[in-house]
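Here we start with a single chain on its own, the form predicted on its own, put down as structure tokens.
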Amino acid sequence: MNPSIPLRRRALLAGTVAFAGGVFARRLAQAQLHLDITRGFVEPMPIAVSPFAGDGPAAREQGEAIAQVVSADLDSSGLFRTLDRRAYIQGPEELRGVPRFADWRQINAQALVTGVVRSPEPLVVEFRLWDVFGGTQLRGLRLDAPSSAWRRVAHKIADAVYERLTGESGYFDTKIAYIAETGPATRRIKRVAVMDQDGANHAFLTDGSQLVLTPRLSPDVTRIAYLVFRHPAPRVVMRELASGREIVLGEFPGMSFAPRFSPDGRSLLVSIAQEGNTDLFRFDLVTRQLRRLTDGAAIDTSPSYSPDGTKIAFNSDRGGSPQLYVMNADGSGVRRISFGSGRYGEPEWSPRGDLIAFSKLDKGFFHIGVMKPDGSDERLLTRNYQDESPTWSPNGRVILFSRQDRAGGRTRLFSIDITGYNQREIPTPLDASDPNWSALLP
């Protein structure tokens, strides 16, 4: 779904609080059911997600589909285990009111999700999250949106459940941009593609007639920047997702690549190669001014802002091999943070600010790892033939990356929890590389 599709904004109930993008929430009774996710391994919480009741056949069908997406989202986190619906004792219509909690305790459901759908236009969904053993309602939402946005409504509900039960914000109402690849290795066709975080609503943004690399979504998820190998020189292009309009971002001298938005979306970090040397620059999207941040004989690339915009992590071989460095946003105060064995690259600052993800080549294997911004507490989460391009979920809990299992094999997208558990493949129709995970949709 296009994130620019408007979701109608209107007051639905007394005391309603607005969700971004026109979906509204009402906080109701609070209870103590909570999932502790601070430990390394978390036993998934058993949760029942009932098909939503509907006012008519079409609404009931949509309620079934919404419940399926909510279940899939929660299961994919590794923190929840949705119970088999064949064990449910109460049906959707019976669950319009207060559930018979004793029936749900019999199947060991700790939490229960119920809802009612009214359609076709606008789509109105009322959802409730229940603490089964406490016998209380934890959360209630009423969501109002176009019928075409039903999947996004489902993701919003999953985010609400996730947040209420874990204490962290969710990450299901998001997009993933990546490079879709086809063809032989010597004539690879690459296209920029965008999809929902679960692989749905897949769309190609470019037609494959030109080589494209490093897609990066803006913080407000309205634009995407990427490198286009276009005659006479490669250029960084910014595309508006709603209109499809492309804007060439200046005529930078030399080869420019690895664009990365600042947290406020007002500027881009880019790497520019000139005469065998590569340095980092800041490009102001308002004034169109280019400012040099590094200057030396080394190759400096893969810049990533800290969430507050005051620091930049980057990759450089200034010490003789590719390592990770951090500097102030104006280019001052450069310091090396990686000191382990192997070659480090592709640093990506967590949205929480507490960790930097990276890729690492050591002893013939690639790894995705994390370390603190001062370089301490390095942990490797994966080990494979080729794992690259880490990118964070907006809550800083999950890392998405690309993987090739063997030479000439498929390149696919995988995600893994920062604890090193719950590794999963994200489905794509073609080979996939260089992913970028968006912020929560506005």
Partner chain sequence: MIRRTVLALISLMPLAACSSNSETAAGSTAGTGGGSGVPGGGVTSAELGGPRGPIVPGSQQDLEVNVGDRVFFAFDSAALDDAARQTLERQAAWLKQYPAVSVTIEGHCDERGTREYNLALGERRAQAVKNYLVALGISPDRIRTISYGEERPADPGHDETAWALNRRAVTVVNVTG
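Numbering follows the first chain given and starts at 1. Keep in mind the model is a prediction, meaning the values are calculated, not measured.
Form predicted in complex with its partner chain: not shown, discussed below.
A heavy atom within 4.5 Å of its partner chain in the model of the complex is found for one listed residue only; from 288, 188, 266, 291, this is 188. Shown without its partner, this chain lists 322, 170, 99, 78 as candidates; in the model of the complex, only 322 has a non-hydrogen atom within 4.5 angstroms of its partner chain. Although the partner is absent from this view, residue 137 stays clear of its partner chain in the model of the complex, with no non-hydrogen atom inside 4.5 angstroms. Although the partner is absent from this view, residue 181 contacts its partner chain in the model of the complex, with a non-hydrogen atom inside 4.5 angstroms. Its partner chain is not shown here, but in the model of the complex it comes within 4.5 Å of a heavy atom of residue 274. Using a 4.5 angstroms threshold between heavy atoms, residue 234 counts as touching its partner chain in the model of the complex. Listed stretches are 68-76, 120-128, 311-319, 152-160; the contact stretch with its partner chain in the model of the complex is 311-319, by a heavy atom cutoff of 4.5 Å. The candidate spot formed by 103, 109 and 133 is out of contact with its partner chain in the model of the complex: none of the three has a heavy atom within 4.5 Å. In the model of the complex, its partner chain lies within 4.5 angstroms of at least one heavy atom of each of the following residues of 344-363: 345, 346, 359, 361, in sequence order.
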